[in-house]
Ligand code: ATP
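One chain comes next, on its own, written as structure tokens: the form predicted alone.
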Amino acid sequence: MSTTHDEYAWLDELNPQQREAVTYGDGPLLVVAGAGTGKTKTLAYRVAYLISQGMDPSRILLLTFTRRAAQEMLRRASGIVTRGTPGTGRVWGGTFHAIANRLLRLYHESAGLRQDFTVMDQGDAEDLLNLIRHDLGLHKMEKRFPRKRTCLSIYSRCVNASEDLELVLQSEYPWCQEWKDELRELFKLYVTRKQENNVLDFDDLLLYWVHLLSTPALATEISGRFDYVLVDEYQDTNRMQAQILGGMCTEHDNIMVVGDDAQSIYRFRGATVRNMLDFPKQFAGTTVLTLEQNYRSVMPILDTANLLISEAEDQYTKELWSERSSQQRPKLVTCKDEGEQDEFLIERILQHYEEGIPLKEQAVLFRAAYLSTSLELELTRHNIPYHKYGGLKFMEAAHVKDLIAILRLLENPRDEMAWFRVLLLMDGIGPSTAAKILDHVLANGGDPQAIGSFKAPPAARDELRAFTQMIEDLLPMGINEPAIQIERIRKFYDSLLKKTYDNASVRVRDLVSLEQIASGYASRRKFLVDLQLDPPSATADLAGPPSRDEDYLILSTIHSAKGCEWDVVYLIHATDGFLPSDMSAGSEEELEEERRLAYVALTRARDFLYVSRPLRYYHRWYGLSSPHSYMQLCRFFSRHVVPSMETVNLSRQQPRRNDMESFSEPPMDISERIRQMWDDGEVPV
């Protein structure tokens, strides 16, 4: 295929390493993309290059970890491809779970599924496990059986890490080892109940995909749909996802994965850095390319980050560099205590704000969410607005889950947890009655309208009648127009919302936002799939980016900050026990991930980086053995790393005066004065 240089002028926008990755030919390719080196751009240009070479877009599979990432890459690629070339609209782009859902709808018969299966979120999966746990009588054991969330975590770890239950309990949940047999029985019944109800949890989406690919004929057919497989954030994949990718390359070996082993920080979700380190072993003949030119940070920040990660045990060696120079080195700040750390942060945040850096371009990062408690109090006292990431997600809110449950049971009348969630909101209906109603519906062919013939308890009749009327209004709509369906559901749900929850007006706004986003969907099924597989974290996500005049400081755990960047980053509580966490220091593998976590925090900063650590901690809620505990500097800031930073020791400066020292008068007995107000039977003016 002959082309002119003008047709490929956009390749000149890439640096030599990016261009080599984008124009790579056939065969397995591992791109080790350091922080801020333009991996999104590289993947987007790779899609555009393949299409410009004549590749059918529908034969390209792009796997990402968020729907937004896939959309952004395809949007960029669409802006590159020339006129007369097929667009990116037919590229199979999305998350692993979304692509799994799409394939399972096509191959549902081979997978032993009905096509109208629904997907449970984590909360519903926990509730179903809890229901079975109750049926087995495990809640009555003399010693407390693991909680439902712990049970789901164990189950998910076994599935995603492809590890036996006994090994998972021994390595990750040793306090649960005595319940091995009971847990195995619980999980067996959990799987059976899901299959009976025609529902899948998130883990099932990948598990069914793996099993489809385990059949040679199906592996040939499914992998034969695609000529090129592209994968983003490969360092965050688990063993099952690596197995899936192997199956998807049955008919070819044209797989390109992009990631950074130095940013592998999701081991608790089952991710393993070994997938990336062992990629050349899984795919023979792999070419490894490294992206090292950083477009985010100034060079002094990269110097510190490079030194910190260079001490990692097992890694792809890389040395990030940048054309952005600066005389400002990262600061390592030692504070007397947590209060002094808060004061320093407030002062520096406001100073940068006065220098023209908006609050939303400044971020305070920490290892665990509770570590920002005292800072939040100080920010409130100084009237500094902030948003904290790591709280309750939008789709975890009870009222949102209630409304979604009604949509789910319309989609799949066998969805037991959706029925229970809705029915238990009504007066006069408990678990026993709810189970009878569900049995009645299933006995009548799974027709939701059958609840109209169920003889309900007197207290439940009015609400059940209203529910039946809503179902009768909605069913003729089929799977179309989800926004109109939500509007009708809200009319029924309004009275339940007001009697069940506080702050009903605030919750109503959430449901209105849900209705608004549903207006962009023609299909109820597509709407449910997108919500369940890539949920918004808040109503702000539904509404779009904040208004231009809205400004607030960012508070975030390091895990939630991955993929983000700010002009100024403050990493707080850089002390052993908090970073690395004393809960994640039991093995070399855990410690290496904690090192990578520190590296991720440092590489979020563009221009200014502050690392602070208090010498003393007083607060009992940290679980310290003494109310006056001294802490050591985070071990990752070693003698090899610290010389690259500017050290500031606030604890040696003039001590702060206690606010009470400014009062010289003797204390008044205010309590006695207040009691005397009532001595004469009336309150004095």
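One-based numbering along the sequence shown. Think of the rigid core as the biggest set of C-alphas that the two forms share within 1.5 Å after superposition. All figures in this text were calculated on a predicted structure; none of them were measured in a lab.
Another form, the form predicted in complex with the ligand, is not on view; read the next lines as being about it.
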item: Distance check, Arg616 to the ligand in the model of the complex, heavy atom within 4.5 Å; value: no
item: Exercise: Glu233 in contact with the ligand in the model of the complex, heavy atom 4.5 Å; value: yes
item: The ligand contact in the model of the complex: Arg348, any heavy atom under 4.5 Å; value: no
item: Glu565 within 4.5 Å of the ligand in the model of the complex, heavy atoms; value: yes
item: Complete contact of Glu13, Thr40 and Gln263 with the ligand in the model of the complex (any heavy atom, 4.5 Å); value: yes
item: Among 572-580, 411-419, 557-565, 425-433, the region lying within 4.5 Å of the ligand in the model of the complex by heavy atom distance; value: 557-565
item: Of Tyr370, Tyr295, Phe268, Trp175, the one that lies within 4.5 Å of the ligand in the model of the complex (heavy atoms); value: Tyr295
item: Position in contact with the ligand when the complex is considered in the model of the complex, options Cys634, Ala35, Ala70, Leu61, heavy atoms within 4.5 Å; value: Ala35
item: Within 4.5 Å of the ligand in the model of the complex: residues from 54-77 (heavy atom criterion); value: Arg76
item: Glu361 C-alpha moves between the shown form and the other one by 2 Å or more, core aligned; value: yes
item: Rigid-core frame, C-alpha of Arg604, shift of 2 angstroms or more between the shown form and the other one; value: yes
